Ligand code: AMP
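This document opens with one chain alone, in C-alpha cells, the form predicted alone.
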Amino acid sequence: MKIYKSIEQFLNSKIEIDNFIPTMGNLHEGHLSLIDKAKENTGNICVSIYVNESQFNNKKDFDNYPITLDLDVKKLKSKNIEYLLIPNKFDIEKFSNPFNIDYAPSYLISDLCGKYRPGHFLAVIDIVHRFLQIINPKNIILGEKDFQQIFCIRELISISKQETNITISPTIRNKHGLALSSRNAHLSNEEKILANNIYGSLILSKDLFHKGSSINEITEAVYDFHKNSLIKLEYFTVRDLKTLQHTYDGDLIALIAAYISDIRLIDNIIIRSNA
C-alpha cells in the first residue's frame, strides 16, 4: 500500500484511480465493508483519511473525534488496498477549487439532517468536490447509512458534470442491529444496548407499513416507542426512496436521527422497494 501525505506527490505520480473511498479515519467494520464493496468493481482502490472540521456543527464533536491513524493504516494494509491519501487542509485547498455555493441544492441540504445541522451538507459537498478534482476517480463508494449524504454527492456530481459513478454499500450492523458508526465509541456499554432500540423502531415502522398502517400512524407509533426512553428523537420520517421527498406512491425509506446523551446517531431502513 502506497501512502501519500502530499497531494502534489500524489498528482505527480499520475495515478488513475478506479475506486475512491473518502473517510475521516477511526475505521471500523463499516468502513472496511466499503473496501469489500469496491473490490466488486474492477481496478485499484484509494482511501482518503481527512477529518473535515467544516462539517462539524459542534466544535466539541470535532475536538473529540477519535484519531487512530496507526491502527487505521494497519487495517487498510490488511485489506490490500493500493493507495492511502492523508492530506492536510492547506494541501487540499491549494490543489482544488471550492464548490460554488450558488449551485447548492438548497431543497436537499436544508432538509432532514440538514435542518438540524446547518451548513453540514454544504461542507460535505465542498470537500468531496475538492477530492473529486484531485483524485478524479471512476467510482466513489459510499455507505447507505448516510443516505442523505449519498443524495448530496449525487447532486454534486450532476452539477459539476463529473464522470464519477456512485457505488452504494449496505449498512453494517452489530448483532443487535445497531448501525456501526465512529460515534458509537462515545457510548457506554449500557448506552450501546439502549441504542439498539433505534433500529428496533425502524423495524417497527416497516412492520406497521406492511400491516397496512398509514404514514401518520407509523410516525406516531415510532414517537410513542421512544416517548419514555432515554433516546431523544430529533426526527423520524418516511420519504420517497428515489427523491427523499414527501411522496408515498413509490419505493419508501424511513429515516431517523436521535440523541443518546449528547451523541447523535442516524439510521434508515427501506420499507418498500420493488427493486
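Residues carry their position along the shown sequence, with the first being 1. As the structure is a computational prediction, the values presented were derived from the model and not from experiment.
Keep in mind the form predicted together with adenosine monophosphate (AMP) is missing from the figure; the text below concerns it.
With adenosine monophosphate (AMP) left out of view, the stretch that reaches within 4.5 Å of it through heavy atoms in the predicted bound form is, among 81-89, 185-193, 167-175, 96-104, 167-175. The listed set 123, 132, 152, 142 contains one residue whose heavy atoms approach adenosine monophosphate (AMP) in the predicted bound form to within 4.5 Å, identified as 142. 180 is the sole member of 112, 156, 73, 180 with a non-hydrogen atom lying within 4.5 angstroms of adenosine monophosphate (AMP) in the predicted bound form. When adenosine monophosphate (AMP) is considered in the predicted bound form, residue 225 lies well away from it, no heavy atom lying within 4.5 Å.
Although the partner is absent here, residue 209 sits far enough away that none of its heavy atoms falls within 4.5 Å of adenosine monophosphate (AMP) in the predicted bound form. None of the heavy atoms of residue 246 is located within 4.5 Å of adenosine monophosphate (AMP) in the predicted bound form. A residue is said to contact a partner when one of its heavy atoms sits within 4.5 Å of a partner heavy atom; residue 28 meets this definition for adenosine monophosphate (AMP) in the predicted bound form.
The candidate spot formed by 24, 33 and 65 lies fully in contact with adenosine monophosphate (AMP) in the predicted bound form, as each residue has a heavy atom within 4.5 Å of it.
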